[in-house]
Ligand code: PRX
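Here you get one chain, nothing else, as structure tokens; it is the form predicted on its own.
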């Protein structure tokens, strides 16, 4: 079957199509209904069915591949490498599950995971899935204020954490940030399970903090059966930034997600049981959930979990792992490729990469020069893909497992099966059918299996944030501009809202603004995303100081800039730190008081700001122009 027919069938006959894909996983109880879309835009996939993510990722492979590699943990930070077979992973997950049960975790409870890239983080995720608990992983790069907001929203019974992570050989302590976050949070978790790596000393809170090493030894022979859950049972929540200061808890189901991942491993990533998959992401992001932990394991593949930089000990480290473990599919981000582009190209030809079928890239738009460089350097297909935390798996890419098709530099590809993608004219609300016309990328409901069910505990926000009704149809907005060429390939042009993408990390400008506003000498602030050759985008802050009397002195300006950066670091984490903080006497606004963010962004990128007939004070933008020109 060619891909066009495959995709058409998924849209026109979704029940038959997804019932077939559902055969890729194990079901404890068969489903009654494939797609229940009786209450748009909410959809229930495989209703009546029961399954378990951990069973499909681990237990079902014991029969045929118990002693094959399942999880390969590599840390160039602490110079360790451990391979866990499916049998060993099964045992470790049961031990972790027994620990969580002893600490009071039950089916439906939330467990927040705040961990570096260590094997115990994967054990914790799989253990939650095993017992029917809902995990919420928070990226280890987030600091106390960001962590506290997620604790309050998820209301976890237990938090699983570690003494520290490591980056570029430097210890990054976690426990102090966690303690501060719990102090700030209104919700107080009953227990904290600590993995002590021996990297950083930390204080234990009596009666609350449990030692994972001790509990693991107690449960060394644990036998914890899988809890069979409804297909619609939430598997996890994962927080993603939006246009408001409060992150949204993307809620994912169990059955639909399991089927979607199994299908994607077959049709998109060409994964076969017994092979090895290497995603260079972090478990704190959706790629880490779908394509470090769950997707490869569901497919019966070994998955590499990597702690470290792509350039340490040298720029050949990733390729040495491809050679050593015969990696067949690799998933990374354009930023990482741009980092490697600056290194000695000899590292790309030093290792045997014959096992590698393709390099998949996602997380931010892939520019054509970067795509061409890595394609020529590796001599392998480079397959871009576009998706979101909300979707859980690719929206746009190339499904070579269905039909071989060429990639186009600069384009993530075509809509995947199950996604009824439309381009909508923002002004008229009409669908754009002609080629090369810019519109908002939207998806006609129902969203396919694997996509978000709702916003955690906030159905109204789910509907209000994402959905629009046009011509009697429910349309989900990706909040991205795009164009489609005559061949049906899409090109993503950037966000329609105030979310910025820094090296694949999605950040709400409002969150950063709120952090900066807490500085005692900040009267007003605007943060915009500015194009950056390495990271795709960086945050740039424009600040009006309460007391600007001392800021005529360059040293004083630099000190205040540094203080503001440290503040954001401490509250949100280094990932949210602005690249620059520039001090202005006024911000460009309309006469009705609306901040002209797009004009501010355009000037910061040395672009024409466009129509400014509504601006109240043109000198505000002129001042920004002069400051940007000086930097």
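The structure presented is a predicted model; accordingly, all values stated were derived computationally and were not measured. Residue numbers count along the first chain shown, from 1.
Below, we turn to the form predicted together with the named molecule, even though it does not appear here.
> Could you spot which one of 363, 449, 271, 295 gets a heavy atom to within 4.5 Å of the named molecule in the model of the complex?
Here the answer is residue option 363.
> Just to confirm, with a 4.5 Å cut-off on non-hydrogen atoms, which of 466, 387, 257, 236 contacts the named molecule in the model of the complex?
None of the others qualify; the residue that does is 387.
> I'd like to check something about residue 126: if you look in the model of the complex, is any of its heavy atoms closer than or equal to 4.5 Å to a heavy atom of the named molecule?
Contact check for residue 126: no, nothing within 4.5 Å of the named molecule in the model of the complex.
> Would residue 76 count as touching the named molecule in the model of the complex under a 4.5 Å heavy atom rule?
Judged by the heavy-atom cut-off of 4.5 Å, residue 76 is well away from the named molecule in the model of the complex.
> In the model of the complex, does residue 158 come within 4.5 Å of the named molecule, counting heavy atoms only?
No, residue 158 is distant from the partner.
> Taking the named molecule as it sits in the model of the complex, is residue 90 in contact with it (heavy atom to heavy atom, 4.5 Å or less)?
Looking in the model of the complex, residue contacts with the named molecule do not include residue 90, since no heavy atom lies within 4.5 Å.
> Specify the contacting stretch among 129-137, 512-520, 364-372, 540-548, defined as having any heavy atom within 4.5 Å of the named molecule in the model of the complex.
The contacting stretch is 364-372.
> Which residues in 468-486 have a heavy atom within 4.5 Å of the named molecule in the model of the complex?
Contacting residues: 478, 480.
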